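We begin with a single chain expressed as structure tokens, specifically the form predicted on its own.
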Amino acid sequence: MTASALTRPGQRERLTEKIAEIDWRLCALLLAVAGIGGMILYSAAGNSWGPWADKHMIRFGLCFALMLVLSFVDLRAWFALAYPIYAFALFLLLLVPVLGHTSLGAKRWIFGIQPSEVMKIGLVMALARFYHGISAREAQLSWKLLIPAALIGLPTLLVAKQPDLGTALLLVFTGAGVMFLAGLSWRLLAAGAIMACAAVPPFIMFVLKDYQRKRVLTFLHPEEDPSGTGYHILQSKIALGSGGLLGKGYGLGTQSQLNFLPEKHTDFVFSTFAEEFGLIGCVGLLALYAGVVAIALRVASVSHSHFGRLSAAGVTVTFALYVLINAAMVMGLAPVVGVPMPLMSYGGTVMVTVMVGFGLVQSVRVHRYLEITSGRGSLL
């Protein structure tokens, strides 16, 4: 009998063990949310699979398979790739102003890639690796905090310059979330929040572009320009309110079916859902999202490595921010900043980012007992 034949049963056993370690509850919830997204996109297109629902479900199927494959990747490989992935994303962001493709007044794409989406994963991994190698006291308050501040600040400035205010805010909030979970002093975090609030008025008046400034001011008083800058949010509120408690019924939403609701398949897909399924449906959908967040945080909490805990928690924070910002945006509680509802809004880039992130979460779950030596990413 050959040596390869002798090793195959053991390899199959290890693979079977890893498959059993995948959190299938998390998989089921992701399937449910994406399925609801496909259902709403089908309705928004006038009960037609094209042009959105079919592509949405195909993309999700491919991304779901990718997530399962990534769950088998050794956590030490993620650790070793943390800084290279961050550096690669930062390099692409630096190239965007020179070689980027302009669309709707913004340069965000290069070589068919949106570098800001790569950076969302790269930032979480880089911060998790950095904090893996320092003590709890240093994470709470020390000069070394300048390093994660730079890791967050550089890509945020580059993304804001594109301009992409929504993604820039996501990077800031995600980075702050990881720093807080790593042990950052709440006093320092509170001081930073106060300084940020104080900087908001001059930032709005002197840094934002005209259309971005109008979005913020319109958020405060959308009724002042109902057919212009306030149109999006007013139509979204009408869709939300007209859904009532139980909704108008599947495929019977007038705001979406009659095309009053703009971007009904992307940024405002939650409004499309709310009109057809009402308050009860929205609570149920948000409960599914909450379930995803709760399970992913549980995965983070049981990891034996600090890198695993922080990387899984960071991905979860990013996902939760997507949901919270989009929901607040369509309800008129936040400016319209172009943040989609994950796994429901039509679009492949965000879906790939989200599912790669959950591939990392599943890898943390599968390899939760693995301990990583500080400062080493070797697979040996």
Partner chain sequence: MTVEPSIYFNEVNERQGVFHRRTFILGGLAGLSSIALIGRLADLQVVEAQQYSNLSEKNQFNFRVVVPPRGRILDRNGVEIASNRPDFRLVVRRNEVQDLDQTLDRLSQLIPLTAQRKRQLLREVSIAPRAVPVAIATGLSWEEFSRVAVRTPELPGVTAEMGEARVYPFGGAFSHVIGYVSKVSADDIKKEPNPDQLMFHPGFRIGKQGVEKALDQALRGKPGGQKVEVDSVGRVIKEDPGGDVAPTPGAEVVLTLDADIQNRALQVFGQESGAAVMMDIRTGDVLCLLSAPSFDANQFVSGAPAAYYKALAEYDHKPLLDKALAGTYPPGSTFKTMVALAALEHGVDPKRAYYCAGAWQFGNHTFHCDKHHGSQDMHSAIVTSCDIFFYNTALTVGPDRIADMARRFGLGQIFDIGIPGQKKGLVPDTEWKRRTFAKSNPANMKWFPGETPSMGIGQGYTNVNPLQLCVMVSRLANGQKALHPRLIKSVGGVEQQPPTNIPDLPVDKAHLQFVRAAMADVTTEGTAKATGQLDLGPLMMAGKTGTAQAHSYAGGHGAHGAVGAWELRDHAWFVAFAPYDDPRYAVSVLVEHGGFGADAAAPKAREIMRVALLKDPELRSRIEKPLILDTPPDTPPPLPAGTPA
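Keep in mind that what you see is a predicted model, and the values were worked out from it rather than measured. Residue numbers count along the first chain shown, from 1.
Separately, the form predicted in complex with the partner chain exists; it is not shown, and the next lines address it.
Asks: Thinking of the partner chain in the predicted complex, which stretch from 162 to 170, 274 to 282, 114 to 122, 193 to 201 has heavy atoms inside 4.5 Å of it?
Replies: Going by heavy atoms within 4.5 Å, the stretch is 274 to 282.
Asks: Please tell me whether any heavy atom belonging to Phe180 falls inside 4.5 Å of a heavy atom of the partner chain, as the geometry stands in the predicted complex.
Replies: Result yes; Phe180 sits at the interface with the partner chain in the predicted complex.
Asks: So, in the predicted complex, is Ser242 in contact with the partner chain at a 4.5 angstroms heavy atom limit?
Replies: Answer yes; at least one heavy atom of Ser242 falls within 4.5 Å of the partner chain in the predicted complex.
Asks: Give a yes or no for Gly291: in the predicted complex, does one of its heavy atoms lie within 4.5 Å of a heavy atom belonging to the partner chain?
Replies: Looking in the predicted complex, residue contacts with the partner chain do not include Gly291, since no heavy atom lies within 4.5 Å.
Asks: When the contact criterion is heavy atoms within 4.5 Å, does Leu99 count as touching the partner chain in the predicted complex?
Replies: Contact check for Leu99: no, nothing within 4.5 Å of the partner chain in the predicted complex.
Asks: Just to be sure I understand the contacts: of Ala77, Ile110, Leu286, Ala149, which is the one whose heavy atoms reach within 4.5 angstroms of the partner chain in the predicted complex?
Replies: For this set of options, the contacting one is Leu286.
Asks: Of the residues Phe88, Phe72, Tyr250, Tyr231, which one places a heavy atom within 4.5 Å of the partner chain in the predicted complex?
Replies: Only one option qualifies, and that one is Tyr231.
Asks: Let me test this: is every residue among Leu184, Leu297 and Gly332 within 4.5 Å of the partner chain in the predicted complex, going by heavy atom positions?
Replies: Yes, because Leu184, Leu297 and Gly332 each have a heavy atom that approaches the partner chain to within 4.5 Å in the predicted complex.
Asks: Residue by residue through 130 to 163, tell me which have a non-hydrogen atom within 4.5 angstroms of the partner chain in the predicted complex.
Replies: Heavy-atom contacts within 4.5 Å come from Tyr131, His132, Gly133, Ile134, Ser135, Ala136, Arg137.
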